[in-house]
Each structure stands twice: as structure tokens, then as C-alpha cells.
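Here we start with a single chain on its own, the form predicted on its own, put down as C-alpha cells.
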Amino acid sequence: MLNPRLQEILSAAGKVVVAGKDGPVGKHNGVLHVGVDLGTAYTVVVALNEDMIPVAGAYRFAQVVRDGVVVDFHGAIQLVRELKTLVEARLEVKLTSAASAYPPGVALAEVRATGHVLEGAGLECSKLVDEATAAATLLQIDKGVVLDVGGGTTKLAVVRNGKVIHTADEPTGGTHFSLVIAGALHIPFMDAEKKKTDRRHQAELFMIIRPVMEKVGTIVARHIAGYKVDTIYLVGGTARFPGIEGVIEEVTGIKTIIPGDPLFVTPVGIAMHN
């Protein structure tokens, strides 16, 4: 059961980010906390007000990053600039700074590249935080595991007494789901990506991609061995696929829950660092 504060934040994120340029804009007094999540599949820009409630945002599917590495630097800058412009137009305020994030274990040079993308898009990079820690910042859990399954990698943070004591990151995520679907159905990757996110096809695709979900579960089980864990909090865009939490719970033997719309947990947590 989510606490009321977290429910309010994630509900607001769904309203102002998913709705896009025609959606509602939350109340703010000009004090904004901005987060940019450069994901393997989705890039998200979200702005929070002084109470840390999302007031506007925008997101788009794009493959400018692979496994935490910016592979299309100019494309990433252009994408962030476009999303920033959309958010600014909705808020009628110029965004000047933002926090961003990186997967745990990424080389320092690549972490800096993420900051350079923001600077190229006209944003001062106020802070860079690892993605799993960003998600844990929003969830405010005392103990457990934050599991962020993104487009290209599975990231996790073990939390004890409210502090992150261990992080890890391994390849395997939504992109792998799409690759398996493309291979099984003999269709192009982008067609597989669209089919994967279409609720009309997800039930029939479940058994095709279940082995990849099980691999995610084994990654988690290996990294949390030796830690006392009673709950896994599953976030990230890939966690939107119905049934994934049940597979993770079955493989790990640990209760697994999805807090609200999992795509926006990490971006909002990033923004809280700005």
C-alpha cells in the first residue's frame, strides 16, 4: 500500500507528463525542481513545484543512450532541448538547471557526458545521481530493494535504515524483451517494440518474454544474496508490462510491488535532487 504522499506525487506525474502538451499544469510559484532521465528507451523531462509535486513534463521514445552510454550525443541534446521547450511553454517559465542520472557502475567519462548533454540543451547540470538511488529518494523506504528495469539494463539499490548500502547494474531490460519478440515473431525490432507496449497484444506475448523476466529475477537474487530483504519495489518503464512483478517475486521468493506508474518514479526522484 502506497502512502498518501507518494500516491499524490505519482498521480500528478501521470496527469502532467503522460498528457503531454495538452494536459493540465500544476500550481507553482516559479520555484521548480527539474529532472532529466536519459533512458535507453525513453527520455523524460519533469518539473516539480516547491512541494515536490510534478507540475509539468514531457517524454519521448528515443534510442540516444545505450546501457548508460550516450551513443548519439547531438541527438540527445536535440531531444532534451525539444522536451525542455515543451515543458517551458506549458509552464511559461524558462528552465535553467536540472539534475540527471546514470546507471550504477558507469565510467566517470560517460557520467560527465550526461551532464554535457544537459548543458548543450541549455540547462546547468546541478547534480548527477545514480538511477537506483534517485528512485529510492522518491520512495522513501526504510528497507528493501529498489529495482529499476529500464530499456537496456536492470539497476538495483539495497536500502537499509533509509540509506542505500549497495547498488548494481547489469544488461537486460525492455530492449531485450523487444529483441526476443522480434526473433520469435520474425518482425522488425520497432514493430516488436510497438507490439510490446500495446495492451491488446501483451497477454499473448507474456510467455515469449517470460524467460527474460526470469533472467531479471536471477540478477536480483544474485545481488541481494546476503542481505535481509522483505520487499522489492519495481520501477522503470519495463515494469509497465503486466505480470512482470509476479515473475520477479516467483524467482526471488520476495514480495514485489509496483508503486504507481513505474516509468516516472526515477525521473521524479532525479528532479528531487535539483
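Don't overthink the numbering: it's just position in the shown sequence, from 1. No experiment lies behind these values; they were computed from the predicted model shown.
This next part talks about the form predicted together with a small molecule, which is not shown.
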At the 4.5 Å heavy atom threshold, is residue 90 in contact with the small molecule in the predicted complex? no
(Q) Considering non-hydrogen atoms and a 4.5 Å limit, does the small molecule approach residue 97 in the predicted complex? (A) no
- Just to confirm, residue 175 within 4.5 Å of the small molecule in the predicted complex by heavy atoms? yes
Would residue 237 count as touching the small molecule in the predicted complex under a 4.5 Å heavy atom rule?
-> yes
For the small molecule in the predicted complex, the stretch among 117-125, 191-199, 132-140, 77-85 with residues bearing a heavy atom within 4.5 Å is 191-199
